[in-house]
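Only one chain is given next, in structure tokens, and it is the form predicted alone.
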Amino acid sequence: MKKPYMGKILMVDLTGRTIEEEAPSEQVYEQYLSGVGLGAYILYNRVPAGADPLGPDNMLGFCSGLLTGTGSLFSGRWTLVGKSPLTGGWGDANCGGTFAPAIKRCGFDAVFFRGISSEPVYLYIKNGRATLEDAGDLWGRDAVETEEHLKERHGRKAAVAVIGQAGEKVSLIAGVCNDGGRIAARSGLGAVMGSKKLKAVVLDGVQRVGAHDPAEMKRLSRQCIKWVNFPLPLTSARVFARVGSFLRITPLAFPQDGLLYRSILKKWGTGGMNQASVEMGDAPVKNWDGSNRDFPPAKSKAISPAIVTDRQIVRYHCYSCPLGCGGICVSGGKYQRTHKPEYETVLALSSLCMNEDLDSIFYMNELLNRAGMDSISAGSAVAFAIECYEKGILTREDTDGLELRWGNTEAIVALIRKMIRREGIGDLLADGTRIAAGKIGRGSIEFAVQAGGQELPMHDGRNDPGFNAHYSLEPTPGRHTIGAYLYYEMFQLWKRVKDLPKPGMLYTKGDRYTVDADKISMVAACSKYMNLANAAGMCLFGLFVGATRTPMFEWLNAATGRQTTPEEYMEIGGRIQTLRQAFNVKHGVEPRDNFATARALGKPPQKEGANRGRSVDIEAFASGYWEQFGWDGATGKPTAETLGKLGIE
């Protein structure tokens, strides 16, 4: 029987410069699939309790998904795993492009690193043969330059994952880049790579990936593509601000079908909702203290998806993706081209900092991509610094002479550059807002909007409490790619998984803020489903099309030859979630310490704007959510009974 996984992983010891192959048991693949599941299994068992995230005992893993390369659609994501230096617990980051299939074409499901090299190196794998190569001449180069240099050296077909200056300088908000500056940005794992003196991973292989029933894989994919291409009429992006205003003022809500968002992604990319999100209260404003009134359409028009897309000259797709939400845009100044800025990047550098200059956003997007720095955390650090300056906590002397005022584009750009170089005040902010606030003191922690040390994404959990639940309760806190009430509606899991609640056809917005058993089940289901997706290598945007239209459960069975039910697959997602939580407990992370900060939870509630009067009772969520996984409802720690049942020591 052909298998969708390669059955091997590569272990690289950078201290001893040894490289060994290992073959995980069939049971590991059955229980954890691959991707984040395989990464969690390896790291939980091999990273000792109390390991320094920047020390030799921490491990860094590059993991492909189980479905990658099997003929399924939307399965081109790879997952980076390690102990996070930003949160002190489980860390993972996710990215698309072309790197995921390259791992499997080299004959491996994942590549793991431990130890610390004495000199800069990169790993080169050619058709399964791995060597450590000198990277002294690459150290100091940005991510895009380094990737280009390595492709010239090893061939254009080589896939490259690489750190830029942020990772080299061990910024705790650094990520790892591929495909010209796309970033696996969250959890600060670029700092782990930098601490190990590992500049890049270069992959060049030709092995084929199997599937038990390739004919069924093709049939399912043909069925899925019909839904992806299902025509829906779209209005001009220039009216999206008014759409957002309507969604803000209407007292009623209805479940969202992901087909509409799929169409927006195809036409404008992730930035299709830029203005609408500001108007409806989804996008945070002025370091989470402002509202849509502070950044009205007269200001947000600068980030209209129509204007952003006008700059696009090339549209691109990730591996196995029929949507094609990415693009290359024309940019002014030093860099003539840049990736089309993602929604998160645009809002972090605009509404969060009150910046109306689109050219500066394109420029900072390219700076951060080349440096390998997380744009969410970077924009959040700038907004934090501006508020500290406005309140007199930071002085002009502290800011190296920068006049940090809301909307001061010149100062915002200068501060981003200082953070990348770890220069002056930039050095203070390059490790995130919680650490910066700890050094500044004077009550500044109130303005560090984060969960467990990780800055929050550009989706306001006061607007959709499901975001706040996931920001606070996930083993990796502060993540928007796991779940929300909106996500649950678009996943439509109740159509495939027994006993999951079905949202009503129409409900009042106020109902979102009452925590009950159905809402807890919805949030837990999102967690399980996305763990499964990240183990399979699936893209969140493909899953938004709906569980009956994007047949992940069926693809998994066709690829493996199993007859596993959707309910049993959700149990696998729950097992991965439990192992990630157990990793945190092993490393001394108290689950309650990961709760989002008061401002993000609406404590106290805002007095005006889209989210006025709204707050989220995360304590009411916590115990019920934890119990859904068999964890202690009071502490959030997996019980011995649950660990034993799941086979976790």
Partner chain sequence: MPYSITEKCDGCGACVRVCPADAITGEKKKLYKIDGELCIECGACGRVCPRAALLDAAGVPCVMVKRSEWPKPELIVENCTACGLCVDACPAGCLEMSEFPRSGGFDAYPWLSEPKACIGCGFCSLECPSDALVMKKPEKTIKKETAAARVASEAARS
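Positions refer to the first chain, counted from 1. Computed from a predicted structure; not experimentally measured.
Keep in mind that the form predicted together with the partner chain is not shown, yet the notes after this line are about it.
A.B. asks: For the chain seen here without its partner, which of 188-196, 246-254, 315-323, 499-507 has a heavy atom within 4.5 Å of the partner chain in the model of the complex?
C.D. replies: Residues of 315-323 come within 4.5 Å of the partner.
A.B. asks: Select from the listed residues 405, 157, 396, 391 the one whose heavy atoms reach within 4.5 Å of the partner chain in the model of the complex.
C.D. replies: Residue within 4.5 Å of the partner: 157.
A.B. asks: So which of 457, 272, 101, 432 gets a non-hydrogen atom within 4.5 Å of the partner chain in the model of the complex?
C.D. replies: Contact residue from the list: 101.
A.B. asks: Indicate whether residue 548 is a 4.5 Å heavy atom neighbour of the partner chain in the model of the complex.
C.D. replies: No.
A.B. asks: Can you tell me if residue 514 lies within 4.5 angstroms of the partner chain in the model of the complex, counting non-hydrogen atoms only?
C.D. replies: Result no; residue 514 lies far from the partner chain in the model of the complex.
A.B. asks: Residue 206: heavy atom within 4.5 Å of the partner chain in the model of the complex?
C.D. replies: Although the partner chain is absent here, residue 206 would touch it in the model of the complex, with heavy atoms inside 4.5 Å.
A.B. asks: Check whether residue 225 has any heavy atom within 4.5 Å of a heavy atom of the partner chain in the model of the complex, and answer yes or no.
C.D. replies: Flag for residue 225 set to yes.
A.B. asks: From first to last in sequence, which residues of 103-132 have any non-hydrogen atom within 4.5 angstroms of the partner chain in the model of the complex?
C.D. replies: Heavy-atom contacts to the partner chain in the model of the complex: 105, 126, 127, 129.
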